[in-house]
Ligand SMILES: CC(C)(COP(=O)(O)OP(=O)(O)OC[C@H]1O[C@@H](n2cnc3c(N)ncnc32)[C@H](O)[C@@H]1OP(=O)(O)O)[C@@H](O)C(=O)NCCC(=O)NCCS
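Next up: just one chain, as structure tokens, the form predicted alone.
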Amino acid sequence: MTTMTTAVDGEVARGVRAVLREKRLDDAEDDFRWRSEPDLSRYDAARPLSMDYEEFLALYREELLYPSQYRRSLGIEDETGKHIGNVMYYNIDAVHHETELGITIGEPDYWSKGYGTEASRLLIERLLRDLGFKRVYLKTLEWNQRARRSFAKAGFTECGRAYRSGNSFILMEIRREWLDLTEVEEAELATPVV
């Protein structure tokens, strides 16, 4: 596996295989394709887009020019610089210092290969360490076992259930103190016993 070393324009975080970066206008074509795909929409418990590409592009351009203070979306690139998905945080609560995470790996060839776990982990670390959030949470469809395993590997634990529009969701969360605890445990494992 090749480790990425070249800086990516708009880079926010870098892992072994994935890079999180600012969204770009040239991401619109991929995002439109992914959001129009019925099978992918099913994983978000959403309907596929019904608008045409020109309408989508106009809205996309507007979001890039005037981003919401309650939502931020980042592109995910692989080792070669290919845009493979998006990760976002939204429902930002500045009072309680928490936010909701969402992720889409839009290219099926990248499913079950660790990209989603790494991208989630990169964003979690940025949110909890650098941006001062105390809690990151998410909802995933109960039947989506692959996503639940990926989120657990990224550090999330189940904390409840929710029901919306006929769908059953598992609620998961990670808190800053859990991340700190993991670092202490990893440091203790790395310290030789005398």
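Since the model is a prediction, treat every value here as computed from it, not as a measurement. Don't overthink the numbering: it's just position in the shown sequence, from 1.
Although it is not shown, the form predicted together with the ligand is what the next lines describe.
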Query raised in the report: Based on heavy atom distances of at most 4.5 Å to the ligand in the predicted complex, which listed stretch, 30-38, 151-159, 52-60, 66-74, is the contact stretch?
Result: 151-159
Query raised in the report: Should Asp44 be classed as touching the ligand in the predicted complex when contacts are defined as heavy atoms within 4.5 Å?
Result: yes
Query raised in the report: Looking in the predicted complex, any heavy atom of Arg146 within 4.5 Å of the ligand?
Result: yes
Requested in this report: Answer yes if any heavy atom of Ser112 is within 4.5 Å of a heavy atom of the ligand in the predicted complex; otherwise answer no.
Outcome: yes
Requested in this report: Tell me, yes or no, whether Leu122 is in contact with the ligand in the predicted complex, where a contact means a heavy atom of each within 4.5 Å.
Outcome: no
